[in-house]
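Presented as structure tokens, the chain that follows is alone, the form predicted on its own.
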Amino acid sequence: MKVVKFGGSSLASAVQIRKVIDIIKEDDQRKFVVVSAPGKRDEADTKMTDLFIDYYECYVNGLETKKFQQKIVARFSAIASAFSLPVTIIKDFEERIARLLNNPIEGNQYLYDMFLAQGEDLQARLLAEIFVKEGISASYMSPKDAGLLVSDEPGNARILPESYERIFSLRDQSGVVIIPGFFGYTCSGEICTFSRGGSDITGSIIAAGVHADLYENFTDVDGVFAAHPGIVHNPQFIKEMTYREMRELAYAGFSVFHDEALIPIFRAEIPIVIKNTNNPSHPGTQISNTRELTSQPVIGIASDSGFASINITKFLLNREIGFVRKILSILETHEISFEHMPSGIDDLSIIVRESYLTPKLENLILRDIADIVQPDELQIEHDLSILMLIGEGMKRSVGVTAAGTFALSSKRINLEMITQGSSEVSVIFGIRSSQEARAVRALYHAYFED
């Protein structure tokens, strides 16, 4: 039994949905289908989720909403018409979209999530109708009926453990079951979304809950590559990788799979395959608990920008008990999570996402750190990127980091930070964001071409 998730690009138009139909008909083991909202049909197009965001913004700001209602309905109507579905289906969609405006604005912390979830929900309803029209025994199922109970955290919901027992009962459902991704329901019955791109998370949860044999994630690329194709020309294809390797790559900017989606699958030890809706015969990239290690220690090179470093220096810092705890308490007070924490004898750097640091908040953090720990030097460094070398084989190889630092130095790229976790699955370099693309190419050349 397989759980299949289709991304927004796979559902953007009737042409793409025809490919989805063929994929489902090809394999009767594909029993559960999780869907995203329709994506872009071309570069100039707008994602359905973004249309719902615009619709929401108009509503809460008292602006005219009719234009976005019409745009949303027109997208679904174009798909429905291509499959000659009854006009009553689109009439129902119109009413559902209009009813969003009946929800109160003041004090409604779930309103934004309610708007965002509609893209996935309506797509799942529409796809179920299309499947039936095309001779596939299929039915729509809401996340509430599927048993997806989530924490009360709008925009960042987490699945509750008791959900899995409920989801397991879905195995008894007949035909293909189509479930909207991206959201679940709180215990009080409110819609709560996962983080953006969270349809991967729903697919992973369903796969773990029904004890699937395989989770297939269909997107618009053949699988995972050793570097971003937009930076490196024709990078090496990765046939297989481990959950940990995929987690590290996803964290550092590989958007092909949501990093949070790995948690349920990893715990249930269900293999994943990343496949291409436009090229379904390609075997794709398989992700599982273990893989056969080759002579190549580095499997991928990832990069991400938008980081800042809080640099703290204090003489005899290593003898001051509770120093790090005090710093982290300050960040916790301001609701900032840290990413990395490289340190020396008398200095400490805390890497955070730059998006947290508004000018006002930055001044507050510097003030609090200065007051509480009284450092000798204190500054925040902006415009940093991280580069990651990733591979399970690195722990058994000598000179991996040396090859990377030499490649960067040969291109006159200075390292602002270097760190490695105890698992030795990755090495992280910090550099200036302006040098990111050049650095990725230098590392790729060192590990995959030399």
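All residue numbers refer to positions in the sequence shown, first residue = 1. Just so it is clear, the structure is predicted and the values come from calculations on it, not from any experiment.
What comes next is about the form predicted together with a small molecule, which is not displayed.
*Asks:* Note which of 367, 267, 196, 319 lies within 4.5 Å of the small molecule in the predicted bound form, where distance is taken over heavy atoms; exactly one does.
*Replies:* Result of the distance check: 196.
*Asks:* If the cut-off is 4.5 angstroms on heavy atoms, which of these, 37, 33, 387, 390, is the one near the small molecule in the predicted bound form?
*Replies:* Checking each option against the small molecule in the predicted bound form, the one that comes within 4.5 Å is 37.
*Asks:* Check for me: heavy atom within 4.5 Å of the small molecule in the predicted bound form, for each of 49, 120 and 182, yes or no.
*Replies:* Judged in the predicted bound form, 49, 120 and 182 all sit within 4.5 Å of the small molecule.
*Asks:* What stretch, of 24 to 32, 392 to 400, 41 to 49, 61 to 69, brings heavy atoms to within 4.5 Å of the small molecule in the predicted bound form?
*Replies:* Only one stretch qualifies here: 41 to 49.
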